[in-house]
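What follows is a pair of forms of the same protein chain, given separately as structure tokens and numbered structure 1 and structure 2.
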Structure 1
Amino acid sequence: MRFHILTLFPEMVLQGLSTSILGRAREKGLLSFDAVNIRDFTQDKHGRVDDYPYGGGAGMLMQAQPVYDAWRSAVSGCASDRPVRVIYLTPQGKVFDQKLARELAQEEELVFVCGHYEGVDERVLEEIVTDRVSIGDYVLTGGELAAMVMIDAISRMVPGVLNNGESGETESFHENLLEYPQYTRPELWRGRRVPPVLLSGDHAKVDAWRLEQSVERTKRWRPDLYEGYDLPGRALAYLLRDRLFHMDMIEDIRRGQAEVLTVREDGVIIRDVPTGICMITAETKDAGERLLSCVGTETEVFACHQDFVMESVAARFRKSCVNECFQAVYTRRQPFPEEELCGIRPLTEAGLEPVSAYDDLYARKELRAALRGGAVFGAFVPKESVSPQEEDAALRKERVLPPERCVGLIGTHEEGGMGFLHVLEPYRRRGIAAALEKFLINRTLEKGWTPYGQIFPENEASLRLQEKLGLKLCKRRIYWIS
């Protein structure tokens, strides 16, 4: 990897980067450091590269022309086919962290612009700079030290630079955790012993201890980092305390379609990526308010697991349409016998057209999306099941009836719950609804998922069906608000 540093003090940079690990990597040809002296490109006969700023003010400002020509000289020798990223070191930039170090380590070449005095003429920065980066909220006399800090951190991510290929990925800040405590000989020093687990020879126990220590240290010393550590795992640990009540959120995470926004000791909020729906649960109104503070005003639909959270959403986001429901979960792992499920197959949008009773459902955006995704199934009966009145009506309209008729459907909502269950009136009380739900439960189990659905409290027939099929019903209500 090649680093080009535009600087007024090339000796300072090269001396700092030519020792220890980076020096050895340079000797091996893994790293290359090109310190470009900006003074070499000035057009001033006295070698000046600065001047007074327009508009007045303290200090001097680096001129655009020598910086620009130094940059052109640096990039002219670059071998990369893609544009080279140019980093300007400034307190006004985004703060440098391990994530950015890993990102920049993927580049073949990088250019660093080291400012001095009161900075650099804004016009050349606008012309050449791709990234403005700060190493912290303080001011240095120049950008050289900041560039060396960044280059050191980036270089550690370059394969071969470190002797142990894993060490660059297992130190502090990996996965948002601080590094665990380390010990060496002697075993006893000033009355302090090395933790016994490190002497056990049991690598699994050592790894578990180190992770526990990293988590504890991060939680105690860097709570800001801990907030981003293993969000899905921590969210699941919280939600599984009340599995039935939170199955919608649990499955959204397990199925890999959730963005976990925040995990607190008293609540969780996630966003379903396909739909943008936010699901939230909290122990208190204050906890709910804190969770909602990380949600943008563009969110259209919320699934709230407490009434006080629903009230906060209504007030904060000006939502007024509320639907309450109970959650039903199929907790068993065994599927239903296949022989009970004949005549059910995937449904397409075309398959719904002759069924006038579905018009209202068909018009719904979510059903159309589920149909396109192959997540809707229909129950079909032979033509012989068509009544004489329906056949006469078809003849009068000179329409040929299909050999089969779709009389019921069921599907999976984009966020994961079973739904859309509907059977035409003449075909009810024949077990078709039960067969449809059994079919979808089996399909869901095949994917390794837990089947669940949400039912309106007034839908007594559906509630009875869930109990008949063995689903467990959580009587605490969930509030959909939009």
Structure 2
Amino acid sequence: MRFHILTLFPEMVLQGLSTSILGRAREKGLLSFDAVNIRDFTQDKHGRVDDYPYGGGAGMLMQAQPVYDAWRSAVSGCASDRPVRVIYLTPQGKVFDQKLARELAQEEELVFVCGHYEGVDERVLEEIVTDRVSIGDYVLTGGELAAMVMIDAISRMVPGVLNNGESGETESFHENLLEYPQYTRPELWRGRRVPPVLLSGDHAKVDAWRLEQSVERTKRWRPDLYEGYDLPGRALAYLLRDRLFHMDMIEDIRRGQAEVLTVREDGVIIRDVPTGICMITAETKDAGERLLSCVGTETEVFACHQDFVMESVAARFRKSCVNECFQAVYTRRQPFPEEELCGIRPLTEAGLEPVSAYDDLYARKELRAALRGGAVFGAFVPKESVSPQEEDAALRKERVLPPERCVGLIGTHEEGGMGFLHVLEPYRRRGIAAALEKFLINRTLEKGWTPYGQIFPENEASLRLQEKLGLKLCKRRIYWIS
């Protein structure tokens, strides 16, 4: 990786980067440093590169032309196929962090512009700078130290720079945690002992202790960092306190399709990534409001676990269409015996035609999405008779009619719940709905998931079916609002 540093003090930068790990990486050819002296590009016969600010004010500004020409010179030799990123170090920039270090370490070449005096003529910044970055909320006498801080953090992410074979990358799990305390010999120093667990030789215990220390330190010293730590794990710990009620959110996280937005002591909000649906639970109206404050107005659908949260959503996002549901969860792990009552097979969009009786259902875009995703199953029975219209259609399209008809269906909503359960009127009361649900429960269990569904409180037939199949019903309502 090649760094170009535009500066009035090239020797300061080169000295700082020539020792220790970065110096060795440069000798190995992994890194190279090109310090470009901005003063070499002045057109002033006295070698000046600064002047007074228009409009008055204290101090001097670096002029545009020498900076621009220094940049031209630095990038003239770059063979890169895309424009080289140019970073301007300024207290007004976006604050540098590990994420940006990781991102910049992917580049082949980088240019750093180090300002002095009171800053740099805005026009050259507009012309060449791609990223304005600050290393923290304080002011330095020049941009050089800030550039060197960034170069150090970026370089250690370049493969091979750290000699111990480590990637320089912390595990993503540890990303938002502070380091645990470390100890070396002697065991006893000025009356202070090394924590005994570290001498126990029990690696699992050592790991657990270190994690606990990291978590405690982060909570105490960097609560801002802790907010982003292990969001899925912390969300699950909260939601599992009321498992039936929160199974929709729990499963969304476990199935790996949730983005956990915020976890608080008194509530959780997640987004189902495939659908964009937000699911939220909160203990108080205030907690709900705080959770909702991190959601953009683009969200179309919310699943709220409390009426007061639903009211906040209605007020905040101007939504009014509300559906209330109970949640039923199949908490046993055993599958049902596979029955031979009727054939159950995946239903595709092409399979729509023989089931025109389901027009109302198919009008729902969720069902069409589920069909496309292969998440819908049909119950098929032998055709007793073929209507003249069906025969006619088959002849026109020169294809053979299937010998069966689809008389019922069930599917999995994109966000995870079982649903769409429907059986044609003449085929009801013969156990087809139960067979369909047993079938889908078995398929869901095979994936290692917990089957659950949401039922309208007035759908008594479905509530009876859930009870018959042994699902546990949670009678607290979930409010869908869109």
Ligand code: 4GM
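None of these values were measured; they are calculated from a predicted model. Start at 1 and count along the sequence of structure 1; that gives the residue numbers used here. Between two forms, the rigid core is defined as the largest C-alpha subset superposing within 1.5 Å.
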query: Number assigned to the form predicted on its own in this pair; finding: 1
query: Yes/no, Trp449 Cα shift of 2 Å or more between the two structures with rigid core fixed; finding: no
query: Residue shift check between the two structures, rigid core fit, Tyr68 Cα at least 2 Å; finding: yes
query: Leu145: Cα shift of 2 Å or greater between the two structures (core-aligned); finding: no
query: Core-aligned Cα shift of Gly191 between the two structures, given in Å; finding: 3.6
